[in-house]
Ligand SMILES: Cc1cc2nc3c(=O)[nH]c(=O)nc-3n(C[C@H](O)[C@H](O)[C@H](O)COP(=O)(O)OP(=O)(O)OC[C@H]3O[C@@H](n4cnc5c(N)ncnc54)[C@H](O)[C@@H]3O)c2cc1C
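Given next, in structure tokens, is a single chain: the form predicted on its own.
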């Protein structure tokens, strides 16, 4: 008889886990509180414009493909990749910009336009971080660390030391790169996992290095097309997705998870429960007894470190802006001061930001002439009580960001070409997606909150209860969440053979 599985939440982690378990013969049902699936990896549609709600940078293409391979499916029947090159265009207030391309000859020439020293330093940094990345990927990202002996052994400790993670991204980058603009370009990308480049572990310099070495990709139709692809696979494999079902409690009998409960729906029971809801939210809200929370009681959760949040502006434009690439950065004056503001409880006065313009390569995201762009600014999470996300706050951040955007050459007229405008705030992340504290990525991946020290993929206190998502091992980011899906399925299969 098939074992039954309930998955709470239809984010990327929950859906990919469903695909993998269905292919292994489990009976899987996914429960989602919203009326659309996808969690934070959702979309915003306002005809003729289509926007990815949050996630837009696709690294590690093979990890996306692997979900389908694991289920004996051909990914080509579900998604279409478009290579992005240049991978980035970075703009500066003095109206200069740099392109970072996959082509080595073009890249070297662009770097040499800064200085020969910058080109040499960039190549040395790539080599240094690539070596660290191979160690991290082989020995940490692909391991579950459910057992303390998986981590606390001579081999793991030696490999951990080889990653040299005790410095910050800025410190490591500064060893090789002296040009301030190039430093800023590399440092900014630590924010993609919600940490400060001036405080977080230097292992997250792997973000720009992996992008440079392996490339960035766009999915035709946007990142949400991956959600739709997983949905299609789930239905083909016989799975079930239930929307508009708010899970209020995980039902525990004795020391086992046996189902889920909703205030206004019938309870549902199963052999295995997996929560794709934000881990801190699961502990704080869905488990009612402190005994079942283990060490993650509410007071313990308050002591943990969390990622910053995000403010996103969505603009539907009636004009094309060829000056933009797909992935762009605007790196503003007073860079460090304004980056630090997201981690010290202040709104940036001179925001630096990421600009996503998918319509550069994908006409399927717009049904008319024009452009869809999303502007992403890192801001404090809701644990800082001095900021209230009301109309005035949104207006302040909107005006500061648009004002800076106009400094990009040929974008001075952008405001008069806006025909649609919308926003996402930290409060939206909390209200719509149960993001604990309105954070962008949940628990911060600090050294004391990674690997064995990060929340585990299966409960230490309740049998048959598992977790998947950005706040559990191995960490934040869509590709890493897909790895958490792979690892949690391995744990379930291992437990079922005991």
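Positions refer to the first chain, counted from 1. Predicted model only: the values in this text are computed from it and were never measured.
Omitted here: the form predicted in complex with the ligand. The next part is about that form.
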Assess the spot marked by 10, 34 and 429: is the ligand within 4.5 Å of a heavy atom from every one of these residues in the model of the complex?
yes
Which of 275-283, 365-373, 343-351, 129-137 has heavy atoms within 4.5 Å of the ligand in the model of the complex?
275-283
Hey, in the model of the complex, does residue 190 get a heavy atom within 4.5 angstroms of the ligand?
no
Contact between residue 257 and the ligand in the model of the complex at 4.5 Å, heavy atoms?
no
Is there any non-hydrogen atom of residue 174 lying within 4.5 Å of the ligand in the model of the complex?
no
So in the model of the complex, is the ligand close enough to residue 54 to count as touching (4.5 Å, heavy atoms)?
yes
Identify which of 452, 68, 49, 433 has a heavy atom within 4.5 Å of the ligand in the model of the complex; exactly one of them does.
433
Between the options 247, 206, 230, 357, which residue brings a heavy atom to within 4.5 Å of the ligand in the model of the complex?
247
Select from 451-470 the residues with a non-hydrogen atom within 4.5 Å of the ligand in the model of the complex and write them out in sequence order.
469, 470
